[in-house]
Each structure stands twice: as C-alpha cells, then as structure tokens.
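Only one chain is given next, in structure tokens, and it is the form predicted alone.
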C-alpha cells in the first residue's frame, strides 16, 4: 500500500471515475455516477463482490423514507440528528449526522424507485439502542447477501463495469491529485489504470490485526466477525496523501455472536423482552442500552461467554429471521420446558438463572427500573424457554478518513483533497469515538448514503472540469 508519485504516467487506459471496493458503498456510488452520465469502473479485490455487506444482517437505518411514511412513522433529519447526538453524548461529527439524517431516506427511496432495490421498513424491530422511532430497513430477503445481489443486478442493468479479482496495491498521484491506481491480478500481472476522480469504498480495518491493536487495543484479542479483506488500505492511502483521520477507536463490538456456530444473533431477541446472562445465571448489563459496547462486556464474563434467554413468544416472533433459521439448523438453540432443564442443557447455574428470571418478573409486575436502568414492559417470560450461547466480537470499525458534506476527503491541514472521495468504512462514521455511540444499522446506512453522496459529488466535479 503506497503512493506512486509522478506526472504524465503512461496509463494503459484512463476512465473518468474509479471506485475501489465492490461492497454496498462502492456499488451505490457507481449507480449514482451512472445516473449522472459518468462512465465508472468499480475495482474489486475478490472474485465475487461480497465484503462486509454480505456478512451483515442486511439492515440499515434511515430517516424520512417513503417506507416510514407508509407505516405512519414520523421521522426526519432533525429527529435523526438529535438521536445521534444524544447517543454519542454530543461527540459525533454534526455535519455528518445532519447529512445522513437528510440524505438516508431519500437514498433508499431512489434505490427502490430508480434501481429496483426495495428496502422495506422492518416493523418487527422496535425503537431501541438509541433510535427513538422505527428506522431499520431491509430488502425482502432480509440478509446482507440479498442486498448485495440486488445491488449487483442494479449495477449490471445500469451499465456499471466491475473488475473482479483486481487487487489495488498502490495509488498514482501527482502531488495531492490522484491520477490512477495500480492493481494486481491472481496470475501475478500488474495493470495501471488512470482516472480523473477516485472514490475509496474499501471498508474499515477490522481484518488488520496491527491496526486494531494500535487504534482499538481493548478488542485486539477479541474474535473478529468481519470480512478478512478489511485491511484499512483506503484509510492508509488517504493518510499518505495528507488526509485527516478521526474516531479511529470507534467500532461495532456486538455481544451476540453465536458460539461456536459463528452466526450473528439479531438484537430483536433482546428488544422483544429477552435477557442476557452469564454462566452463573446472572445478568450483567442493560441489554438495550449499548449494543456495540456489549461485545467487550460479554468477553469480560466467565469464559468470555453469555446466553440470550427468551421464550416461546419471542421464538415465534423471530422464527423467520434468516440467521435464526440457520442457527437452529446448526444446533445452536437450546429449548426446555423448565428453568432447571434449560440450565442443564445450556451449562448455566440453575439457581442463578431461576433467581434472575424471578427478578425480571418482579420488575415487570411493579413497572420499576432494575439495577442496570432497564425498564421491562412485559410480558413475563414463560415456558418453554430458549437459550443461545454467544460471545463478543469485533464486527467492524467505525473510524476513518474525515469527509465533508460531499464525501470529499479532507486534508489534515484543512480543506479538501482535489479529487478524492470516501465512504463506508473508509470514512469516519457518525458514532463518535469508542463503541458506545453506535446506532444499529448505522454501518450500512453510512455505506449506502455516503456512497450516493460521493457518486453525485464526483459526477459534479467531473462535469465542472
């Protein structure tokens, strides 16, 4: 990963716009550029574009969408901004928070109406974890793989060229201005492609152990549940060109990775009244307060494990979730008619689990707030009971290049780099520093929204030059 400096580089071919990374951000950026009449090429390292998007639940938050209005949800840029700033204690970038609040809903509407990528409001995901209203949107298949397939189909229909098995190793630049990229092929051959503008959509650095240890030391030894190709190249290239970085210790660290099945468990099990206990049967946190910081809390429990406890009502509500279907098929769900039997199956201390369930029932009955600050609204968990064993993990990083309202990469010394844009995990997100400001669905929301912003802005820049 380096910058090759030079003027008048003899490129084999030159295109107006290059996008590095064929995940959600890169594909949406390419669609936006094509809508503006710009010829664009997406360069993807893997043989099949997948990345972090394909591993995700496929859910993204958005405000002011047509889907929200259809369901009577009163939301908009101001409410989204207020939720982000409250969740982050005022530490999120206010410019980005307002930008995403204003552009996320219209971006989803555009994808649906213009490009046939329907993103439906997930009404089963009630407001929680910092969202004051229902904002989670999913494609009909309700997986990240389904979202990726629909975006790839849309790109094909729009005439977007995607080079796969093309690993960008270096950036060509004339001073601060990007002039092209060098990429390697599996057969060892090297190609140099010129461009007039470049969008970095390379995601974050969760797969780069050295960068994680440097910027997020608390999660350096945690399991990583993300795309191994997330090596932070885009961040490194931007920094080498003089870009500013921010919130590099920010990450999503969920405590809901099924163990040993390695399938992510949907937070809906907790939102709908489930609880999380350690092997002693004791709860250890407010399950709905800090979804991203939960990863470190679970890892801190005995054996680094916890269990999600829920009942038949919640099981039936979540039964069709694709990840839950896969988890049941993998044998990752325990079920029993009584507390003692469930504890024996799951390896939980039965007395502790029984006491915890009794305490939760009491809180529901009296309507009070428990020691962790959670107010249970019921109904009481009732047999048969279910348990899923989980651990904590680093899912993806949230810090990166500082960008402006056009997704244009900003210099550390101030001002914008001339023709470099960034989105997705390569750019700073809206969660502020650390893990606790993360809002569910914000990762994909940033990828999709900044992708469109970057594609639109790059097209305007090219039109002006």
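Residue numbers count along the first chain shown, from 1. Note that the structure is predicted; figures quoted are calculated from it, not measured.
Form predicted together with a small molecule: not shown, discussed below.
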{"query": "Three-residue site 88, 287 and 435 fully in contact with the small molecule in the predicted bound form at 4.5 Å by heavy atom", "finding": "no"}
{"query": "Residue contact check: residue 311 to the small molecule in the predicted bound form, 4.5 Å heavy atom", "finding": "no"}
{"query": "Proximity of residue 168 to the small molecule in the predicted bound form, heavy atoms at 4.5 Å", "finding": "yes"}
{"query": "Close approach of residue 45 to the small molecule in the predicted bound form, 4.5 Å, heavy atom", "finding": "yes"}
{"query": "Contact of residue 226 with the small molecule in the predicted bound form (heavy atom, 4.5 Å)", "finding": "yes"}
{"query": "Selected contact from 237, 205, 80, 385, since only one has a non-hydrogen atom within 4.5 angstroms of the small molecule in the predicted bound form", "finding": "237"}
{"query": "Among 436 to 444, 63 to 71, 399 to 407, 413 to 421, the region lying within 4.5 Å of the small molecule in the predicted bound form by heavy atom distance", "finding": "436 to 444"}
